[in-house]
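The form predicted alone is given below as one chain in structure tokens.
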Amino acid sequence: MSDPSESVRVEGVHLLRDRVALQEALAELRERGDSLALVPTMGYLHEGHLSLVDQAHGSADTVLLTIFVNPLQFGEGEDLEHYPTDLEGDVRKARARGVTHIFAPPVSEMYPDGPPVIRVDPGPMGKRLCGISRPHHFPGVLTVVARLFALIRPDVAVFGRKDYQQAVLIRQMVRDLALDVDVQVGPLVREHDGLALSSRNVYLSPIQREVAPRFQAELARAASDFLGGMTEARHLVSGVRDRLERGGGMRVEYIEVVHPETLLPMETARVGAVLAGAVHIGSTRLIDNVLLGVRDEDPRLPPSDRSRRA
């Protein structure tokens, strides 16, 4: 859409492709006295991302959305080279939700000296759940988020609840490093049949797409069991795992009941505990979570609005 060294205005949006253009835009916003909300994404926007934009508008004068497929958070054999992108479509969707500034740098602009030598270590909290199978993921996520915070210095940053562990780690990083950012967590948006919106859903074949909603359905069933009095975490976990594996077409990576702030496993589930999991359907990895004993307020798209590019 533009040369990486340029800043252009596309359909009413300032598309910033390098750090110089970013700093010029930020200086203008600060001169106006605008407060700033940041919504970091890897692009290929769907309604989940856009709901975060909506939330950000309620917290600041200006929303800056970033689009950057961060190589640091992909391990060997993962989908970095095939991660879906659509910058033009993303600009249109963001503009329709009131975004005026998008920072979409190439890798050479985010990491001009090559991969950073110093990276943010997530500690023990990042070595559980998704961190077991993806040991490089959270150090990469925290490093790029810290870099974005340093470059942009937002007042507010909004992340989605689908990536629950990520949100907890970012909040912990902000506390531990005394970063002056208000980290908010937005809702988990679902398709009409319960499948959590994800850019990776596009990888699912039609048959796999029919299988995928069982993941959320079994988490929801366990949440109902909790309300019915089942509080032993091992029973909640084994029930979800057994039903998913018996149903076929899905390989369970993990199902756990964890504390909502420490991510430590819980023997006895309490209100607010997180039932989180990851499964594989073919080559596609899906994550999801439910909050036990908390009213389900995850918005769902009506069937007519369902997009295969979720």
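As the structure is a computational prediction, the values presented were derived from the model and not from experiment. Residue positions are given as counts along the sequence shown, with the first one as 1.
Although not depicted, the form predicted together with a small molecule is the subject of the following passage.
Comment: 49 to 57 is the region of 22 to 30, 49 to 57, 263 to 271, 250 to 258 lying near the small molecule in the predicted complex, near meaning a non-hydrogen atom within 4.5 Å. The small molecule in the predicted complex is not approached by G277, whose heavy atoms all lie more than 4.5 angstroms from it. In the predicted complex, D90 stays away from the small molecule, with no heavy atom inside 4.5 Å.
Within 4.5 Å of any heavy atom of the small molecule in the predicted complex lies no heavy atom of T231.
None of the heavy atoms of R171 is located within 4.5 Å of the small molecule in the predicted complex. Scanning A223, M125, L188, I152 against the small molecule in the predicted complex with a 4.5 Å heavy atom cut-off leaves one residue, L188.
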